[in-house]
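Taking the form predicted on its own, here's one chain by itself in structure tokens.
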Amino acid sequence: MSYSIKEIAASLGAEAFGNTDLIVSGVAEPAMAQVSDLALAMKPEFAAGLPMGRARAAMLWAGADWQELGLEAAITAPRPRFAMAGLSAMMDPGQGYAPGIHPSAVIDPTAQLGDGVSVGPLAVIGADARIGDGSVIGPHCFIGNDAVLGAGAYLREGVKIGARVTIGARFIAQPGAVVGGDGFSFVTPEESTIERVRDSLGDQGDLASQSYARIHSLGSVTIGDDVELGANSCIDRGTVRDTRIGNGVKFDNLAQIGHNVEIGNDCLICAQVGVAGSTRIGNNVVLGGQTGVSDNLFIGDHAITGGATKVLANVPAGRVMLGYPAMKMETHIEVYKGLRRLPRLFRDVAALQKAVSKSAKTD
């Protein structure tokens, strides 16, 4: 992928300086950059590595003195990290999937494939599935009966889309992602100890062994536009109604979304997040890595949870949460400071007890 500095700057809406006809074919960290690379020196501390590399051009922060840095050309943007989104898209060589339909793919005759759809080796597409224009279905993917994928879908290797799942345009799924597995729904003939514990907050009552009956997932999954699902992440289908994901939601790897969950628009769901069934999440919510959310809760718009937070109660809009159980971040920090002071407090109390004890004996 080769572009001139002028072409890159125009595509990113950025400014170009120096020899703007200079051609680059890759990007690299400053110290590792070769003559054909655009060095990524978007902060002054990053630019310190430029003398160790061979780059002739770099992407810099606004106002940087590119000539002082010994460069022949430069690109600057008001928000360089945002410019990285466009730059990385231009320079991405992709996975090398071949166009067209691979002869080993199994496609039901009733499936409808739009214009320019690519289907990789050993992929399976079920009856009455509909695949939008320009979609890429990677090797070993499975798309179930009556599933719908919008235009521009990009499924990496081993992605599984269940029957009757509906997904909007420009969906991206990383390797091993699963949409439309059954929900984790089981019930016992009599009230279980789990149900009792929820009510009693600890008391299991009389213990009795029971087997679990499976509740089938009759709903499906509905996903909006511009959603990305990380590697080995799972979104379960609903029990009766659909599990619903809004537009622009981005999931990291190993996320688990339970049955009947509803997630609004433009949320970030980080790695190893687990959201239990029937929870509702608003718009622009960020769930930090390893956040756990209990079932049947509500998290308001623009809420943020820090890493490993465990949400056991509703979270109002705009709240920043941390800890187990989740509490306001500033409150959690004060609690943590208090915990760190406990050993010293215990030592001080022990010393006081010892002093009082000696004083009593003397008297």
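Remember, it's a predicted structure, so these values are computed and weren't measured experimentally. Residue numbers run from 1 along the displayed sequence.
One more form of this protein exists, namely the form predicted together with another copy of the chain; it is left out here, but the text below deals with it.
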| request: Answer yes if any heavy atom of M32 is within 4.5 Å of a heavy atom of another copy of the chain in the model of the complex; otherwise answer no. | output: yes
| query | Hey, in the model of the complex, is G49 touching another copy of the chain, heavy atoms inside 4.5 Å? | reply | no
| in the model of the complex, does G162 have a heavy atom within 4.5 Å of another copy of the chain? | yes
| message | I'd like to check something about P99: if you look in the model of the complex, is any of its heavy atoms closer than or equal to 4.5 Å to a heavy atom of another copy of the chain? | response | no
| Looking at 111 to 119, 68 to 76, 244 to 252, 128 to 136, which lies within 4.5 angstroms of another copy of the chain in the model of the complex, counting heavy atoms? | 244 to 252
| said: Going through 67 to 91, which residues have a heavy atom within 4.5 Å of another copy of the chain in the model of the complex? Please give them in sequence order. | reply: R79, R81, F82, M84, A85, S88, A89, M91
